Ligand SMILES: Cc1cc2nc3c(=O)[nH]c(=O)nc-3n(C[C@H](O)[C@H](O)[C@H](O)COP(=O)(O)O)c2cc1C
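In C-alpha cells, the next block holds one chain alone, the form predicted on its own.
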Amino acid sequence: MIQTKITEMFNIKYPILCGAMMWIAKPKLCAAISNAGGMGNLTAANFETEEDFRDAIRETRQLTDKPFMVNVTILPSVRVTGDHHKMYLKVCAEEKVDGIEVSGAPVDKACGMEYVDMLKKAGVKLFHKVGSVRHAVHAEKVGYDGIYAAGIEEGGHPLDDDVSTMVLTPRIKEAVSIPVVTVGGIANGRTLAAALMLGADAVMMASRFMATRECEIHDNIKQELVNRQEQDTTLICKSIHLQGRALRNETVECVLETEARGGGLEEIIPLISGEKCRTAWQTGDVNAAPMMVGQSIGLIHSIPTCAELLKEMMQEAVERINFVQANIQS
C-alpha cells in the first residue's frame, strides 16, 4: 500500500480518483470505483434539476459507504447555466459530499466567495482542475484544499497553455503547499508510479474508467478505446476558445474542417452537442459524436472490472517503485 496526503484526507485505499464524464459518471460507476478502493465521480451536469441531482447523490450513498467526488464544470454551455452551477454547489454543501472537483472558472470568480465559504463550513474538500501554475496559486490563496494538475494529454478540455503532465505536475508541486493530483496520460500502474515520482499525491483518470465493465456505455465504444492508439486523438474547438481533446472520428474531422475554413460557433455547436454524445454512448455509433478522451487510450488493452483495474494498477506501481529502489547504487 502507498499512503499519500489524498488517501489520508479521504481515508481511501488507493490514490486513484475518477474524473468527470458527461452522461457517464453516474451513481453506478461512481459507487463501483469507490467500492473498489478508489474515489468515484458523480458529474453534476448530468442532472438538470435540483431534485434529480440530490437524488443522484443519495442513490450513490445507497450503493457505497465510501467517499466520492462531485464534479462541477463551470464553462460556457447552452444547457447548463450559472444558476445550475450555484445550485450544484449549494446541494453539495447541504448534502455534505466528500469533495468537489471544479473544472473551468474558479468558484470564487464564477459564483462568489460566499460559495467557497459555504462549502468549507460544510466540510466539503474543494479541488480545482487547472492547467497552469498561476491558476493553482490562485486556488490555494482562495482556500481550495487541493489541485488537479491537468496536462495537455487529458481528454475533455485541457487549458490552451498546452503544458504536458511531465512538466506541469512538478511545477505546480513546487508552487503550492496543498495536495496535487496528476491528470492526463494516466491509465496503468507505470503511469501511477511516474506521477508519484513527480510529486503527485494521487492520480485522476477518466478515459480508463470508460473501458470497465461497470461503465454504462455501449460495448462498441469500449472496444473502440481498446483498439485505438495514443495518436488517435486530436484537439478541437481551439478557434472558439473551448479547446477539447477528442478521439478522431467522422464528427471530429467535420469539426476540424469547419474550423479550418473559418466556420464559427453557430456551425460548430450542433456538431459537439451533448445530446449527440448521449445518443452515441447508448447506440455505440463511434462516429456520431466527439468522444472526449485522452492520449491514455494507447495504454488501454482490456475491459476489466473497476476492482480488477485498481488492484492491478497498484500492484504494478509498487513493483515499478521497488524495481527502481532495488537498482539504486550508492
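Just count from 1 along the sequence shown to find any residue number. These numbers come from a predicted model, not from an experiment.
The form predicted together with this ligand is left out here; the points below concern that form.
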| query | finding |
| --- | --- |
| This ligand contact at Gly19 in the predicted bound form, heavy atom, 4.5 Å | yes |
| Contact flag, Ala195 vs this ligand in the predicted bound form, heavy atom cut 4.5 Å | no |
| Distance check, Leu119 to this ligand in the predicted bound form, heavy atom within 4.5 Å | no |
| Close approach of Met292 to this ligand in the predicted bound form, 4.5 Å, heavy atom | yes |
| Per-stretch contact check against this ligand in the predicted bound form, the hit in 206-214, 105-113, 133-141, 171-179 (non-hydrogen atom, 4.5 angstroms) | 206-214 |
| Within 71-87, the residues that have a heavy atom no more than 4.5 Å from this ligand in the predicted bound form | Asn71, Thr73 |
